[in-house]
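We begin with a single chain expressed as structure tokens, specifically the form predicted on its own.
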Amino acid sequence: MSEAQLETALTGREAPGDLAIEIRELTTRGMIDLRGDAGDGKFMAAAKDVLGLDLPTAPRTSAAWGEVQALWLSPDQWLILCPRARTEELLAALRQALAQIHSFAVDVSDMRTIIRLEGHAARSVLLKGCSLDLLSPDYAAGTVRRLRFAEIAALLHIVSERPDVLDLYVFRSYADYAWEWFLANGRAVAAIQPFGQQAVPAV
């Protein structure tokens, strides 16, 4: 009997070597959509017992404990990240801990595709497709932000800085479009400086 194999929206896709940034799909991450009342102490305590972290309550923030992360999406919604192999186990533990508490938890690992951007030009490439001031101090490591990227809905998580590591979450049906956008706009020859006079690339 053949074994089931994971096939993502971008399986087999590789980035060319002429990009100003490094891009790749993250395929080993599980995602759980968690909803509940942040003002309910029992809900927050139960979630912490399972996840090992306090759910972030400040807008556009995130928290991490080991391999588990929580991204703030709204006052009553978080995206829980974990190794894909642990998703079922973590989801079951959450549902058991929250059984008597008004809440919602569901596996959404296949809903979104995660494209990781790495390198000093990551922000300037993203600036071509969105209106956020990604050079502002407001967008430090740990920041989470919903945005309109290249005319599609997306979620941005700034993982680290210097060098920048950014994770862009797009709905699976838009994965190919987003990937091709980066191939077209992330080429080294199309690199820009956010401020000052731009050099004219050689033709």
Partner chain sequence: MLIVHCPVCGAEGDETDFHYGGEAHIRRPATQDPTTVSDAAQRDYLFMRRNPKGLHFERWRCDRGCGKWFHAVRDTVTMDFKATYGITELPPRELMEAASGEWAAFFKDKLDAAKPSRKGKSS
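This one's a predicted model, so the numbers in the text were calculated from it and none came from an experiment. Numbering follows the first chain given and starts at 1.
Beyond what is shown, the protein has a form predicted in complex with the partner chain; the following relates to that form.
In terms of contact with the partner chain in the predicted complex, the residue from Glu89, Asp110, Asp76, Glu118 that brings a heavy atom within 4.5 Å is Asp76. The contact residue chosen from Arg35, Lys42, Arg172, Lys48 relative to the partner chain in the predicted complex is Arg35, the criterion being a non-hydrogen atom within 4.5 angstroms. In the predicted complex, the partner chain stays beyond 4.5 Å of every heavy atom belonging to Gln96. Not displayed here, the partner chain is approached by Leu132 to within 4.5 Å at the level of heavy atoms in the predicted complex. Within this chain, Arg145 lines the site of the partner chain in the predicted complex, having a heavy atom no more than 4.5 Å away. Residue contact with the partner chain in the predicted complex: Pro59 places a heavy atom within 4.5 Å of it. Residues within 4.5 angstroms of the partner chain in the predicted complex, judged by any non-hydrogen atom, belong to 149 to 157 and to none of the other stretches in 62 to 70, 48 to 56, 23 to 31, 149 to 157.
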